[in-house]
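Single chain ahead, written as structure tokens, the form predicted on its own.
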Amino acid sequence: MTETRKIIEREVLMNGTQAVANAAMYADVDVVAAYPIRPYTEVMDTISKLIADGELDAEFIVAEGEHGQFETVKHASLVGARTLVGSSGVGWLYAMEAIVVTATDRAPVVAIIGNRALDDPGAYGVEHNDAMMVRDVGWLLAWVDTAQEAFDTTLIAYRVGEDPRVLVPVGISMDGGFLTHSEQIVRLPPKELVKDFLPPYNRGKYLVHPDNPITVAPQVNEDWVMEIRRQHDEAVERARGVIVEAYESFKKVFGRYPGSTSEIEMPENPFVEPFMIDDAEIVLIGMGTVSKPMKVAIKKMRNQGYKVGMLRIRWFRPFPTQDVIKYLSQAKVVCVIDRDYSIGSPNRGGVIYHEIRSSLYDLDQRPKVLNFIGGLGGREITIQDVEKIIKIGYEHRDTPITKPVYWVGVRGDPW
């Protein structure tokens, strides 16, 4: 437990994208590369206004497309500039070549991903498959569920990604529409405190500069690729400890745990948010704003005698395997709500479902795991949907699972 101090914060009404932009201004970013695609775009709208109003001194570069957008920040990061970039849906995927080499070149870019369905068919609503396209290539990935958490996590992203022990890019995912456009009260700490939390970005001997001739991205093939991949994996693993340090430091500097406010008490765990989980027989799993209907339904069902709780995943990469084991090993049934899909996968389940099952597989006694795919294309997951999920979980408490995967509210497929 770290010591906290009383800080007078400013309350501002803003949405999730505006919160990220303001955090980037607090972090004093040097280079911002923009290209529009909803629902992330308001990050760039807000940044451009902050620059125009003289609140931020940064290079604002409008690229010709997403590929150029991400190439711009990658190169800027390698020469020592603190950067911000972002995209959504197919825009994020259009930049995928640049996004992958941003990680393999160890450029600690910070990107906001306003989660959006992948066209076709056209859809602006939230799905998580866009951000998950980088889950295996060395990006750190966090999912936030409030504007406050978006602001706080952005500052943390710079500190973690730029740490010399890590040096990898960080993606901050937020649900399109549900968080990118919904306004909430955000507590902004005094800007002068940021220097006590976020040191200057310093690449040291890895800085690309005429006075420091080094080779970046050489052709190495079978001679060195395996060693480089292993080094990258070890950097992401080291990020676990760096993330813990960053959250503790945030609390010490700003006087509250990241994501928490005087009204919201966030459990002191960077990687997951447990909710009413201690005696829970049925545990719901989810990422992002689905936690809101989950919490309401859990409180309601608790009043009816159901022992149910929730575990929200805050950091998806590195995956919180030990926290998953800690909080789920005593549960009877785990109900994973995926706002994504993995077509053709084992059991035809979602991505998080498979990550949870894999984390629990080596336990001698492990809970049953059910999967609920829902909310695709921006469709709402209602409190009533969650109540039904909880009841299905209870039905399988003492009976074998015959149907592991449900699609929530699909026409023509009663569930």
Partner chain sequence: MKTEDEVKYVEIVYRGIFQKRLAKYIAEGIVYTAREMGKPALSFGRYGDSPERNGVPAKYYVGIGNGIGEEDLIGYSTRVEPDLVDVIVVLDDTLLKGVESWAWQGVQPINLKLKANGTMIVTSTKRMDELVKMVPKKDFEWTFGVIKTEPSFSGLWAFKDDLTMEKVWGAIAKLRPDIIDIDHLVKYVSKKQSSDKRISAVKEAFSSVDYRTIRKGEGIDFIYNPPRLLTWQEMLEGTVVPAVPRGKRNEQFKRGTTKFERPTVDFDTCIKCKLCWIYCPDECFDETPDGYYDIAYDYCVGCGICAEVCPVKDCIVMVDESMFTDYRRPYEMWKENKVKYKEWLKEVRNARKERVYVPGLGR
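Residue numbers count along the first chain shown, from 1. Predicted, not measured: the structure shown is a model, and the values here were computed from it.
This protein has a second form, the form predicted in complex with its partner chain, left out of what is shown; the following refers to that one.
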Check: So which of 380-388, 25-33, 57-65, 353-361 is the stretch with heavy atoms within 4.5 Å of its partner chain in the model of the complex?
Finding: 380-388
Check: Three residues, V134, M226 and Y406; all within 4.5 Å of its partner chain in the model of the complex via heavy atoms?
Finding: no
Check: Within 4.5 Å of its partner chain in the model of the complex, heavy atoms considered, which of K292, H232, H75, K307?
Finding: K292
Next item on the list: Counting non-hydrogen atoms within 4.5 angstroms of its partner chain in the model of the complex, say which of L207, I325, A217, V296 makes the cut.
Entry: V296
Notebook entry, point to check: Does any heavy atom of E183 come within 4.5 Å of a heavy atom of its partner chain in the model of the complex?
Noted result: yes
Notebook entry, point to check: Is the gap between E263 and its partner chain in the model of the complex 4.5 Å or less for some heavy atom pair?
Noted result: yes
Next item on the list: Please check if E11 has a heavy atom lying within 4.5 Å of any heavy atom of its partner chain in the model of the complex.
Entry: yes
Next item on the list: Decide whether I7 counts as a contact residue for its partner chain in the model of the complex under a heavy atom distance cut-off of 4.5 Å.
Entry: no
Next item on the list: Quick one: name the residues from 401-415 with any non-hydrogen atom within 4.5 angstroms of its partner chain in the model of the complex.
Entry: V410, R411, G412, D413
